[in-house]
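A single chain comes next, written as structure tokens; it is the form predicted on its own.
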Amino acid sequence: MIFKWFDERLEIEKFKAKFLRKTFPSHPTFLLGELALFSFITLVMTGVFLGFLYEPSTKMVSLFGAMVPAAYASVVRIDLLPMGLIVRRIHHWSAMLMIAAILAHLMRIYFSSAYRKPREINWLAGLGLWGLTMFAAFTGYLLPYSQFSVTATSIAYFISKSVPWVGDWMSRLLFAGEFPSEATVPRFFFMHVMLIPAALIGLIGLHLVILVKQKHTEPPANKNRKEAQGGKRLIGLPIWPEQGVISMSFYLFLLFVIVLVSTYIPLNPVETYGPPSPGTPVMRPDWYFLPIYGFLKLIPGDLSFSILGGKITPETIGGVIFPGFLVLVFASIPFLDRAKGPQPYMANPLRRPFMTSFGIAGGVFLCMDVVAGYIDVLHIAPQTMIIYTILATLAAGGISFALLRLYNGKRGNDVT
């Protein structure tokens, strides 16, 4: 009776027939997207808990007899609460997992050529989700307001100031004036808990709407199965209840793993670094910013010049031009590797020597930039590291291309 009452007003049965019976492809790599979505849900839930207890202010308050910024003191008090530290760790590791899941998802799309017609827009939406997630992580860096977080954020401040022509205006807009200022933490808190999550929800919604409209790409093996069955529907599981049960089970397992990791692997301990002080600790950013950090270390410190009144500095090259170029390359891939007609099936990476070897070379290049972030520990000169990076990138791309061409030549495959 109750269900009938709701059904007469909301047409639940029609909704179920139209959407909940849609097919979810039975391929394990499609769970990467769900992994990112579930990580975001966990971030929102833990973020609500932390938001009730965090104080976004730099005013000085007393903490165990010492005067420290209120933001720092509130994080220390959260860590002392029952379940406070574990919730903060779950929030931290969920953010790490979300960034990694989106990256792995984008890699799956790239190597299977699932970005080609008609999915170019969804590729751009995925890149936007990855960028927004990294920006959310960046704004969260500052919130503990420890010596570590202030030092890490100051690097980004000087990078933003180095943008030619508009650097001063951009840095003041993002950091609410000179960094650090009393308004910086509230500005970052607003972006972290309101502006960026709202943008992420919008992009996730757009991504899912396009996905429902265009459907997933399918494994090539499904083509013969569909032709044998004489049908055109996707081969897989209905979203409800079959795939829904699998997804909920997967989410519970994911929560178990995150809680387990959060229990045994600590964060950057705010109590160890302490509140901001004149000293600068030795620190490196988290893994997702290490390619930019490493690339900055390879640029000569005295390299600077002017163009049309705008000054180009090492920070401009490593922190603005380099990531901007990477974004441009990633965004242009669907328009450079075009297909004449719609591509309903995943491509075999082994049959695409150039694009596959290009992706491998790009991955090796970024990994070498990560290694470059540790050249002070490895005692490698920047000039030597540059040579290593170039040689490793060329070797990875050239060897993989030659092997794939040989593989396709022996099998007599058509190479696309």
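Residues carry their position along the shown sequence, with the first being 1. Note that the coordinates shown come from a computational prediction; the quantities given were computed from them, not determined experimentally.
This next part talks about the form predicted together with protoporphyrin IX containing FE (HEM), which is not shown.
Novice: Looking at the partner-bound form in the predicted complex, is N268 within 4.5 Å of protoporphyrin IX containing FE (HEM) by any heavy atom?
Specialist: Taking the distances in the predicted complex, the answer for N268 is yes, it comes within 4.5 Å of protoporphyrin IX containing FE (HEM).
Novice: Whether V48 contacts protoporphyrin IX containing FE (HEM) in the predicted complex should be assessed with a 4.5 Å heavy atom distance threshold; does it?
Specialist: Contact with protoporphyrin IX containing FE (HEM), yes.
Novice: Classify V75 as contacting or not contacting protoporphyrin IX containing FE (HEM) in the predicted complex by the rule of any non-hydrogen atom within 4.5 angstroms, answering yes or no.
Specialist: Yes - in the predicted complex, heavy atoms of V75 and protoporphyrin IX containing FE (HEM) come within 4.5 Å of each other.
Novice: Look up in the predicted complex whether R119 has a non-hydrogen atom within 4.5 angstroms of protoporphyrin IX containing FE (HEM), and give yes or no.
Specialist: No, R119 sits far enough from protoporphyrin IX containing FE (HEM) in the predicted complex that none of its heavy atoms falls within 4.5 Å.
Novice: Would you mind picking out the stretch of 255 to 263, 185 to 193, 162 to 170, 106 to 114 that comes within 4.5 angstroms of protoporphyrin IX containing FE (HEM) in the predicted complex, counting non-hydrogen atoms?
Specialist: Among the listed stretches, the partner-contacting one is 185 to 193.
Novice: Using heavy atoms only and a 4.5 Å cut-off, determine which of V150, M346, M98, I292 is in contact with protoporphyrin IX containing FE (HEM) in the predicted complex.
Specialist: It is M98.
Novice: Ok, L200, I299, I333, V320: which has a heavy atom sitting within 4.5 Å of protoporphyrin IX containing FE (HEM) in the predicted complex?
Specialist: Contact with protoporphyrin IX containing FE (HEM) in the predicted complex is made by L200 alone.
Novice: At a 4.5 angstroms cut-off on non-hydrogen atoms, which residues of 136 to 151 are near protoporphyrin IX containing FE (HEM) in the predicted complex? List them in order.
Specialist: The stretch 136 to 151, when checked against protoporphyrin IX containing FE (HEM) in the predicted complex, contributes A136, A137, G140, Y141, L143, P144 at the 4.5 Å heavy-atom cut-off.
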